[in-house]
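In structure tokens, one chain follows: the form predicted on its own.
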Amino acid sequence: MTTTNATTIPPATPSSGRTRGGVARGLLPPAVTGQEWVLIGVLAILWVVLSLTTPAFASSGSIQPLLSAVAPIALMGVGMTMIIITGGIDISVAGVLMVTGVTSAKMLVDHDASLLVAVLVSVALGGLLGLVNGLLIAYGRVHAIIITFGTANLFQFVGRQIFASKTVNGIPSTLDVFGRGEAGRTLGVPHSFVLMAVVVAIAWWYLRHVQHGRHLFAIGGDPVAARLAGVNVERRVLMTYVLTGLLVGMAAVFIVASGTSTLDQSIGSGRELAVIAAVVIGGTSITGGRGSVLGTVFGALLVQTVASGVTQLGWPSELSDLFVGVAIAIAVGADLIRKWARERA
């Protein structure tokens, strides 16, 4: 019987059993991969070093904002992880974030929307924009980076039109439950981080134990073979982009809630790079076929820890980008070495 590691799905054989759709379940990957253990170790070392060099880092006044900042990045990273596992990518998330963020803010300011309405509008709009990406990529058969580069500019244009060259002022406290104040925390833990953790747990279970989730790995490994095995490749790919749009819409609510009463056009600036960095550092293969949402959370924690540490140490902010860039290069290099080793085996 062919076995599997954390990166691939084995072919179906009589001894391994065949599931609906022709893709075998195979052996489950370990609950925590080697890459994730490495990230846990690096994070532990960083937190210890920063706590010793800047005692304020270990205070609740530092940790709580850090967790609040991690929540939207990791939440968007869940969808991005699934997309990259299938061999795609979405660089339009910053544009989607801009559109959903300003729309939810204006719903609160101009229409006195309730918490539920603001959240539903943001999430639904994000899902709709994700649907646009998914349809063009899955059924238009155009590479994801080309489509999402185009829609990134389109969505940013739409966002700027909604802003109308003005900031959104006087945002009410409706979203405080997801904010940084006392209303946004329980036992000191931000509600946004808790909700993100719940989504990550569901996504982890889906990718690990649900047949459709396992199909995503098969598509990233070899979409032709997956299609021949009975996997509806187009539908699965479409689903990943819609899901990412939904999660970006929720992340936009977190970001609006954690800010001030004013929102400007920088809401989505650079967010796509932070999300992709978290996913890649977390161990998801940029070539597809392997990945973990748990690793993405650790990647997001690492990125935000570096940013917070650089700020508290009083170092130039450019060093944060340098450290994250080095981490990405190491992660991609390690992935390429693993791929080369598997091909040689």
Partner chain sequence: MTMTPHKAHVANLPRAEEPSLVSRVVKAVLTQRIVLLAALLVIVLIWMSALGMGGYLTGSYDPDYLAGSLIDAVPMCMLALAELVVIVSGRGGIDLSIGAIVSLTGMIFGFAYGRWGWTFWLSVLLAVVVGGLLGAINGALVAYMRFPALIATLASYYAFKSLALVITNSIPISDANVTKLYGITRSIEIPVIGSQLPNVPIGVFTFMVPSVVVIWLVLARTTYGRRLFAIGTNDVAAEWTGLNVRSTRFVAYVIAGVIAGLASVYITGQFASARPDAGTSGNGLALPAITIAVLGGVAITGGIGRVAGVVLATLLVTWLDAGILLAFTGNDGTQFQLLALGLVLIFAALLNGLTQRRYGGSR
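In this text, rigid core is short for the largest set of C-alphas that superpose within 1.5 Å between two forms. Quantities reported herein were computed from a predicted structural model and do not represent experimental measurements. Residue numbers count along the first chain shown, from 1.
There is also a form predicted together with its partner chain; it is not shown, and the following applies to it.
Quiz item: With a 4.5 Å heavy atom cut-off, would you call Trp205 a contact of its partner chain in the predicted complex?
Solution: Although its partner chain is absent here, Trp205 would stay clear of it in the predicted complex, with no heavy atoms inside 4.5 Å.
Quiz prompt | Partner proximity in the predicted complex: Thr174 to its partner chain, non-hydrogen atom cutoff 4.5 Å | solution = Close contact is absent here: in the predicted complex, Thr174 is far from its partner chain, nothing within 4.5 Å, heavy atoms only.
Quiz item: Is Gly88 close enough to its partner chain in the predicted complex to count, meaning some heavy atom within 4.5 Å?
Solution: So Gly88 counts as contacting its partner chain.
Practice problem: Report yes if any heavy atom of Ser114 sits within 4.5 Å of a heavy atom of its partner chain in the predicted complex; otherwise report no. | Solution: Looking in the predicted complex, residue contacts with its partner chain do not include Ser114, since no heavy atom lies within 4.5 Å.
Self-check item: Stretch in contact, per heavy atom within 4.5 angstroms of its partner chain in the predicted complex, of 74 to 82, 160 to 168, 174 to 182, 206 to 214
Solution: Correct option: 160 to 168.
Quiz item: Out of Met239, Ala229, Leu136, Met107, which one falls within 4.5 Å of its partner chain in the predicted complex, going by heavy atoms?
Solution: Answer to the contact question: Leu136.
Self-check item: its partner chain: the contacting residue among Leu243, Val199, Val233, Val123 in the predicted complex [heavy atom, 4.5 Å]
Solution: Exactly one listed residue reaches within 4.5 Å, namely Val233.
Quiz prompt | Joint contact, Leu43, Thr53 and Leu187 to its partner chain in the predicted complex, by non-hydrogen atom at 4.5 Å | solution = Heavy-atom distance to its partner chain in the predicted complex: none of the three under 4.5 Å.
Quiz item: Going by heavy atoms, what in 118 to 142 lies within 4.5 angstroms of its partner chain in the predicted complex?
Solution: If the 4.5 Å heavy-atom criterion is applied to its partner chain in the predicted complex, 118 to 142 yields Leu136, Ile137, Gly140, Arg141, Val142.
Practice problem: Spell out whether the Cα of Val324 moves at least 2 Å between this form and the one not shown when the two forms are superposed on their rigid core. | Solution: No.
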